[in-house]
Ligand code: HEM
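Presented as structure tokens, the chain that follows is alone, the form predicted alone.
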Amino acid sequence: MTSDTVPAFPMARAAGCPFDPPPELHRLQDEAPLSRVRLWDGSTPWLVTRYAEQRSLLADPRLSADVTRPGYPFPAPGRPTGAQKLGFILMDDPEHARLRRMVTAPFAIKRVEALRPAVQKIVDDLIDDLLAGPKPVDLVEAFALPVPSLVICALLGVPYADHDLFQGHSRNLISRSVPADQRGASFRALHDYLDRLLAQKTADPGDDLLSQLVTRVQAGELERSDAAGIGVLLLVAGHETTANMIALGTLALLEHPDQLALLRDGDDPKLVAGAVEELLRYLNITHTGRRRVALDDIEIAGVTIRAGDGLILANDIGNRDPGTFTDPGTLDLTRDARRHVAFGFGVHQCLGQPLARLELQVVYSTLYRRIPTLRRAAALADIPFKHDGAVYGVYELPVTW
């Protein structure tokens, strides 16, 4: 099969189905667990669509997340400027593990759980502002984006007053439609911003994660540029993904009123926790897949992946695998969805998942109880979805009550 006959990587969603993966992904999943797809540059990496093979490969040390290796399947033109310094997610062990360990403690489950009262206050205060303000209102701007931004700023020691700066550059970094040079400029701007904050923390340390990174730099355990890169990673990932889950999850619930009623009318923490897992499975907002390159030949599902082959592990369709989840296209908040791969799997699984879970639990258990008549203030067809980004969601969500 030549590259001209290999199907393009599926990205187009079916009209009227904003919560479902592209139909072509379903077709490829039905045909085989692995298949070749063609990217923008003519390369033909393996697309892994089934859950079992995704979990197996994500845990396989013969796959590399290093974007500097030949064969890595880039989602858009232009290698990410400074990508090798963007924290540790695009590195392999042992350096990945060494750097990750430096910031693991604040995201431990017990440490995160201690933040619940503070997160609850942030959510309640923002809802107070919603109720006191005009309507309709854009839920993204007034609520979904501020919640995780306020939380991650407090954790890192970043001034929330700078949110326009870092949110704007973050949007550029995760957009496929932004030119490569502009994405590079945004990365450099964020890197410089975090570097300036590190300088301030050096002179006046606080009880925050950036100050902890400064201590590592002073001890000779970490380069200053690497510390800034870790700061960029945590700041961007710490607000973009959760903000999109808050808004998109709310829209999905508004479109499924029977499921929304379970959260609005109940007060069972186990139901809330389960609802978060199901919404993560159902929506799976990272839609460019986990990308890797093979270091050695790998035999799996009757296919030989050769050393140097690129792979795209599409966790959005993996979470819709009928071999793992019964009736996977149905949103069912009572389902046990804890096996989902929305946060990835293996050594590179999302570091901040305990914090994301807590934030979503607080939001989903509070917003609809306090505003029980919350509803869309625009037709579904008029809501702008993020079809052009690495993180799926909505640009705006007009609501009223």
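Start at 1 and count along the sequence shown; that's the residue number. On a predicted model such as this, the values are computed, not experimentally measured, just so you know.
One more form of this protein should be noted, the form predicted together with the named molecule, which is absent from this view; the next part is about it.
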Counting only heavy atoms and a 4.5 Å cutoff, which of 265-273, 249-257, 139-147, 93-101 contacts the named molecule in the predicted complex? 93-101
Just to be sure I understand the contacts: of V67, L374, L360, L63, which is the one whose heavy atoms reach within 4.5 angstroms of the named molecule in the predicted complex? L360
Name the single residue among F107, Y193, F325, F187 that comes within 4.5 Å of the named molecule in the predicted complex, judging by heavy atoms. F107
Evaluate Q349 for contact with the named molecule in the predicted complex, applying a 4.5 angstroms cut-off between non-hydrogen atoms, and reply yes or no. yes
In the predicted complex, does F343 have a heavy atom within 4.5 Å of the named molecule? yes
My question is simply whether I89 lines the interface with the named molecule in the predicted complex - judged by any non-hydrogen atom within 4.5 Å. yes
Does any heavy atom of L280 come within 4.5 Å of a heavy atom of the named molecule in the predicted complex? yes
Stretch 241-274: residues contacting the named molecule in the predicted complex, 4.5 Å heavy atom cut-off: T241, T242, M245
